[in-house]
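Form predicted alone, single chain, as structure tokens, below.
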Amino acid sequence: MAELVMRDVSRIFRSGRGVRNLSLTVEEGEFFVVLGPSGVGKSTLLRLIAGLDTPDNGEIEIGGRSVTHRARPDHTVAMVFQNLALYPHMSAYENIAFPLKMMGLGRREIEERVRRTAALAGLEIDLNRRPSQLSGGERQRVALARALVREPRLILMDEPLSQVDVQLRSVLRVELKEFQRRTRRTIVYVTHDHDSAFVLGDRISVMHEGRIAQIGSPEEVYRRPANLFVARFLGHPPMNLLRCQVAESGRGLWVNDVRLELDPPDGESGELVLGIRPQDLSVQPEFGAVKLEVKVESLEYLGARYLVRARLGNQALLVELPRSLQPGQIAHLYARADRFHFFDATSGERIGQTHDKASTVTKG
């Protein structure tokens, strides 16, 4: 049974921002990540699910029940905010217990549920300590326990790891994923951080300008981006996108005055956009690989690898390699034909090797 269903939901503000004709389904027990840059409508989406805002049109269901026009707070949904929103004057115990007090539960039941939920959240601290006496990771776990204590069907998380340092964020991501597996709760998690999305998400929804650009598994959206926005947005460094022309014969491509022995998708002609990830290029020849002759401009040492900046024709190309190249040299790079991506130069939509239409939403 689907835990969350949104059908053609829109909420547009005077600024023109918001979400438009948005449809998605989140399954019970799924860790669903909403990924996108600032201002694309991610937080608006969470507020609509939480009942903190009402859509202009469309339908929202949680657990098979319509919650589009809720008259009161929905106790089946809990939210963890970006700043965690812990009460500084309360102890960890009091913070966790606060939602239960608002529900009017008795003292004994509150104590039992707080202790049980703290254990589920992995809290091994003196619950009498206040937030200022806790580490960043401990505060995160208190916020999770407070969200879980009401036993919600759905937990919403608005970039809760964005304010911790990179090293702690890496540890907390693993703990959060384990928390979700242990509690089997459905989580909708909003972030702009690619690494968090890939580590946490069973599926990822990439948002762009208030719409869903693509939904799929982490590997699917990375390896088979549905359009130019997803291709540009996902990956460090980003995918190389090169304007090219299909040869008159229909075989091979021209990147400016450089010919590539790479056939376009069947039936394509004229101008296309060719994509290749920096990690998919190599200096090692491989049988059947496509060869690119480039001029090296500069390089950056990244520790285990080098980031090489080069030019193919007059277009910039980024390459990640395990060895350095010399600025100014002409180098040969190689990539398997199935590592190249083709996009329509006008619409920006993917051509060939089509993504799973059942798992994407591009209309609206």
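Quick note: we count residues from 1 along the sequence shown, nothing fancier. Quantities reported herein were computed from a predicted structural model and do not represent experimental measurements.
What follows is about the form predicted together with a further copy of the same chain, which we do not show.
**Prompt:** Pick from 32 to 40, 60 to 68, 305 to 313, 330 to 338: which stretch has a heavy atom within 4.5 Å of a further copy of the same chain in the predicted complex?
**Reply:** Heavy-atom contact with the partner occurs in 305 to 313.
**Request:** Tell me, out of R211, R113, R153, R173, which residue has a non-hydrogen atom within 4.5 angstroms of a further copy of the same chain in the predicted complex.
**Result:** When a further copy of the same chain is considered in the predicted complex, the option within 4.5 Å is R173.
**Message:** If the cut-off is 4.5 angstroms on heavy atoms, which of these, F198, F229, F179, Y93, is the one near a further copy of the same chain in the predicted complex?
**Reply:** It is F198.
**Prompt:** Does the 4.5 Å heavy atom contact test between E286 and a further copy of the same chain in the predicted complex come out positive?
**Reply:** E286: no, not in contact with a further copy of the same chain in the predicted complex.
**Request:** Give a yes/no on whether D126 approaches a further copy of the same chain to within 4.5 Å in the predicted complex, heavy atoms considered.
**Result:** So D126 does not count as contacting a further copy of the same chain.
**Request:** Could you confirm whether Q279 comes within 4.5 Å of a further copy of the same chain in the predicted complex, counting heavy atoms only?
**Result:** Result yes; Q279 sits at the interface with a further copy of the same chain in the predicted complex.
**Asked** Do E28 and a further copy of the same chain come within 4.5 Å of each other in the predicted complex, heavy atoms counted?
**Response** Flag for E28 set to no.
**Message:** Using a 4.5 Å heavy atom cutoff, which residues in 101 to 131 contact a further copy of the same chain in the predicted complex? It's fine if the answer is none.
**Reply:** Not one residue comes within 4.5 Å of the partner.
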